[in-house]
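Only one chain is given next, in structure tokens, and it is the form predicted on its own.
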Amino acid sequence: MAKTFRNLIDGEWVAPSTGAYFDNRNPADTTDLIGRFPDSDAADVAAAVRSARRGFARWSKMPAPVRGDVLRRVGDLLVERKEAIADAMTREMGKVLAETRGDVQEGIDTAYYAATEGRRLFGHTVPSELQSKWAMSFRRPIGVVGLITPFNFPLAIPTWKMFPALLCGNSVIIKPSEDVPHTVHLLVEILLEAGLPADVVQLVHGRGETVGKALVEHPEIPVISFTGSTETGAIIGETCGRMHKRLSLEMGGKNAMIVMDDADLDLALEGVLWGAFGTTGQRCTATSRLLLHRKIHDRFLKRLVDAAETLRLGDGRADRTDVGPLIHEASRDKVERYIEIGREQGAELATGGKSPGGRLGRGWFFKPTVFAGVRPGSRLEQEEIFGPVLSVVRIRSFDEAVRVNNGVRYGLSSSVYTGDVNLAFRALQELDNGITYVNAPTIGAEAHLPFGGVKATGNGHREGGWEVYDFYSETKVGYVDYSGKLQRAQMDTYDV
């Protein structure tokens, strides 16, 4: 019999106020029921907020280096349980074990990086314009932070958001994707075991339209961090703007990999296979467009199609699997719709384009798909599909590649393969994305650098690296005047 899980509110594992639950199933085999999880509502969020406010009052007063020590212990526990968590993650999300091990490692890296930032929450001291006066700034926590996370990185993205928020002294309420609730449950168990006070973290399971909406609309949650679709992010942005909340949005991408005629084609082939079909294309940074220089277009395309057809689909826990399933039926239906859209708009289906059936019929599998002859401006080239579909565009020059890359509403990641150092640096400068890789695919961000994009990909904030600590803390300015007299800035200093 499948286990029934609960929310964590006020340090207790409690049933949802609704009494309702939803099933969490293995997308590689939908007969495999992982567990039943709370289908919560606004009442559960309200209870979580009350507890989180108490937790904030206590946790925010703890010295930041001590908060960092808790996160270091979290990292140690993640190291110990890396294999078990990766296996559980593959079971509920589908991507292969090599990737879920990497997902856990990203959480480990983020924990250790956050631990060191406990001694590096820098402010500034600057000269005052007045005599016998001291001027400085410092960081302080904000309050209760609401975190809404997606399915594709079940551990990494929650840690990107949670660990910096906690390190800065905030309390957190997390709503994981209803497609991958189990991994965050395991993470929260580790946080408690590492010594995090129980009322500092709240876990509320449920759906975006109920729990996510309640988090965004609650007046006592001043900070929201969301990763998901651009359409949902726009709705959240309207609410947070009206309520004067701090908001970080990390949303969609339509990322291009450019292969110039002087590129190392063997390296580029490895890169595009990993970038387009890793995580079954379900990454915001996935390589969804391939811009091939006309001089190498035909021979590279043939090699790409041949290689894509050798990729093995299956359960991500099996040793020989290269590509796992899509996350659910609606995702596979969406991919199938885009296959028809591509055909209707005149693109050539070079390989894939259908479900494999047979022994994989109990899962949401879809063959790695390559479309050739894709026109810039077509829906296939412009719209985020979030599946194993790669659109190939022929380009005549680097200048044309820049125009095509920049001609979409998104601006997350890009890459260029070239042996020309001048083109490499032009790409860094001219490609309108938050991230650009040279001689690497569009995926591969590292935990100690900022992550995010421009245009419809985000709202200017960054996950990861040093910048995220600014998002989760406020700047406070202090002045100390020890002159023993009234000094008026801008007036006494420059009085003539």
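Start at 1 with the first residue shown and count on from there. In this text, all values refer to a predicted model and were calculated from it rather than measured experimentally.
Another form, the form predicted together with a small molecule, is not on view; read the next lines as being about it.
S.K.: Could you tell me if all three of 89, 101 and 154 have a heavy atom no more than 4.5 Å from the small molecule in the predicted complex?
M.R.: No, the candidate spot makes no contact with the small molecule.
S.K.: Determine which one of 244-252, 119-127, 421-429, 183-191 lies within 4.5 Å of the small molecule in the predicted complex, judging by heavy atom distances; exactly one does.
M.R.: Only one stretch qualifies here: 244-252.
S.K.: Heavy atom within 4.5 Å of the small molecule in the predicted complex: which of 207, 396, 81, 403 fits that? Just give me the one.
M.R.: By the 4.5 Å heavy-atom cutoff, the listed residue in contact is 207.
S.K.: Exactly one of 378, 229, 105, 351 has a non-hydrogen atom within 4.5 Å of the small molecule in the predicted complex; which residue is it?
M.R.: Contact check passes for 229.
S.K.: State yes or no: in the predicted complex, is some non-hydrogen atom of residue 176 no more than 4.5 angstroms from a non-hydrogen atom of the small molecule?
M.R.: Residue 176 belongs to the contact set for the small molecule.
S.K.: Check residue 170 for me: does it contact the small molecule in the predicted complex (non-hydrogen atoms, 4.5 angstroms)?
M.R.: No, residue 170 stays farther than 4.5 Å from the small molecule in the predicted complex.
S.K.: Would you classify residue 384 as touching the small molecule in the predicted complex, given a 4.5 Å non-hydrogen atom cut-off?
M.R.: Heavy-atom contact with the small molecule at 4.5 Å: present for residue 384.
S.K.: Going by a heavy atom distance of 4.5 Å, is residue 451 a contact of the small molecule in the predicted complex?
M.R.: Contact with the small molecule, yes.
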